[in-house]
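One chain follows as C-alpha cells, the form predicted on its own.
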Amino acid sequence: MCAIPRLFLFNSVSIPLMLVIIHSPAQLQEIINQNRKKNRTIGFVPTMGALHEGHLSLVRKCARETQLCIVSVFVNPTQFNDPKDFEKYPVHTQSDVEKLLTTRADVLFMPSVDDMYPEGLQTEDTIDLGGLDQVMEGRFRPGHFQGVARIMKKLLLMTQPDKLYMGQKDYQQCAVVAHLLKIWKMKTKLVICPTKREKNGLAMSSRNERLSPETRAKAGVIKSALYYVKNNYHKLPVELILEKARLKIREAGFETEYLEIADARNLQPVDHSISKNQKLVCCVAVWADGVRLIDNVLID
C-alpha cells in the first residue's frame, strides 16, 4: 500500500490530500471496514485504465457525491472474446495515476489477475443475464458479458459501494450491471453518467488512441449518424432510417457492425413499428481502420 500526496484548493487554501494505491483485496477490505465503521458513504468507479476525461468525469462526480471514492484499474481478461484485442488494450499505469491525482479520488485499487481470479480464468458457471447478453454486443462478442458479470460480482463484493458510477457510452454494459444488481438484491445505486465526447462528437474511449489522426477526425460521423436516427425515427420507417444512417458511416470509409434501435429497458430490437411513449436507444458498433468503436444515443 502506498499513498501519494496532492494539494486540493478549497476556498483558496491548499489542503493536502492522499491518494492511496493498493493492490491487495485484503488491503481494500481493511479500508472498506474502517470507513463503514464511521458510516461513510462509499462510491466506486470501475475502469480498465488508459484513463481519459470520460473516466475522470465519473471519478469527480463520485468524489462529490460520496465520502470515499474508490477507483479500480483492472484489464479483465475474461471479457475479451478475442485474445488479440486483450493484448492490444492500452496500459498506461503512470499516466493513470497522474490523472487521478487531479481528481479527489481517495483509493486506487490495482489488483493482479491472480488477485481477481485465484481460482483460475476458466469456469463453467453461467450467470443469467435475462437475454441482455444475446443482442448487439453479445451477438458479436460471445462470452463478453459473462466475463463482465464475473468481474463485476467480484468487484462489488470487494468494494460494497453505496453508489456505482458508469458511463452511458457502454449502455448495454450498464443495462447488464443494473440487471445484476437486481438479481443479486444489492442495495448499490447505479449512477449512469452522460457520454463525454471529443470536439468532433466522437465518444471518448481508450481505444481512440489507436486511431490515426485522420481516422479520428472522420470518426465524428458516428455521432452524426446516431443523431440522424434520433431526429428522424418518427418520420420514416425504421429500416429506412437505419439504412440512411449506415450510409453516412459507410461514406466516411467505415464499416458498421450493427446499428439498431432497441427498447431502452430490455434492449430488444425495434424492427418496424414504435409504440407511443416507448423509451428507445440507438446503439452502434463501427470498425474504423481495424479499431472497434461503440456509441449510442437515447431517443425520447
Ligand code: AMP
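All residue numbers are counted from 1 along the displayed sequence. These numbers come from a predicted model, not from an experiment.
We do not show the form predicted in complex with the ligand, though everything after this point is about it.
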The ligand contact in the model of the complex: H52, any heavy atom under 4.5 Å: yes
Interface membership of Q173, the ligand in the model of the complex, 4.5 Å heavy atom rule: yes
Any non-hydrogen atom of P142 within 4.5 angstroms of the ligand in the model of the complex: no
Contact flag, K169 vs the ligand in the model of the complex, heavy atom cut 4.5 Å: yes
The single option of I32, M48, A264, V238 touching the ligand in the model of the complex, heavy atom within 4.5 Å: M48
Contact assignment for the ligand in the model of the complex, among T103, T78, T159, T195, heavy atom within 4.5 Å: T195
Non-hydrogen atom within 4.5 angstroms of the ligand in the model of the complex for each of Y227, I249 and V291: no
Stretch from 53-61, 33-41, 230-238, 249-257 whose residues place a heavy atom within 4.5 Å of the ligand in the model of the complex: 53-61
Those residues of 87-116 which, in the model of the complex, come within 4.5 Å of the ligand by heavy atom: Y89
